[in-house]
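In the form predicted on its own, a lone chain appears below as structure tokens.
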Amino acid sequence: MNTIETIQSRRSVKHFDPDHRISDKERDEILSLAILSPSAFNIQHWRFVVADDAALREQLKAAAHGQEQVSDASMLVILCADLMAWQKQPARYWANAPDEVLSFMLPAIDNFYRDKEQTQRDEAMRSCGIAAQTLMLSAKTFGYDSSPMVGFDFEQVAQLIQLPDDHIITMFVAIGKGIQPASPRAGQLALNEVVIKNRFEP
């Protein structure tokens, strides 16, 4: 499947085969592709909590108002972000760069994030959003369907996964073998409605 076909065929599927299992190899390949996503300053804020414990899945399902894809998907990923990744050994994000690049990037990272809580959150959310899309497209290339989810109790899920205080949850991504096709696209806006040339009109 080429890139265009992957993008066109990726749909949000809600019903998965609960008996299907994704192999460890496939899981790791899908995640390895997802972490190639871009992130500001290469900080890689994302943390992928792969929930494969059946009892935990049932608790997460309850926190998600009983949505079946939480328990039935072959792979459930809780995308979290480390808000303070910018100050946690930032040299490792540029470990393979020339010294002059590293010496520039470290103070630039500090200047961009320090004492800017909104920026820290915004960049973490942006990075995880990009990673989530890469995760879903990667899953599709392996023949799997997926569904991004935000319909859950964030505080309850944070407690269930013992989320560190300096992390946030951004979304779930459920991945597996769909057993029902996605509904027809409900209403795609026209390109000329969403593309603005140069500036908005007053």
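Note that the coordinates shown come from a computational prediction; the quantities given were computed from them, not determined experimentally. Numbering starts at 1 and follows the sequence shown.
The next section is about a form of this same protein that is not shown, the form predicted together with a small molecule.
A single residue from the set Pro164, Gly151, Pro38, Gly143 has any heavy atom within 4.5 angstroms of the small molecule in the predicted bound form; that residue is Gly151. Stretch-level contact check against the small molecule in the predicted bound form with heavy atoms at 4.5 Å: of 47-55, 65-73, 155-163, 25-33, the positive one is 65-73.
Though the partner is left out of this view, His15 does not reach within 4.5 Å of the small molecule in the predicted bound form, counting heavy atoms only. The small molecule in the predicted bound form is not approached by His20, whose heavy atoms all lie more than 4.5 angstroms from it.
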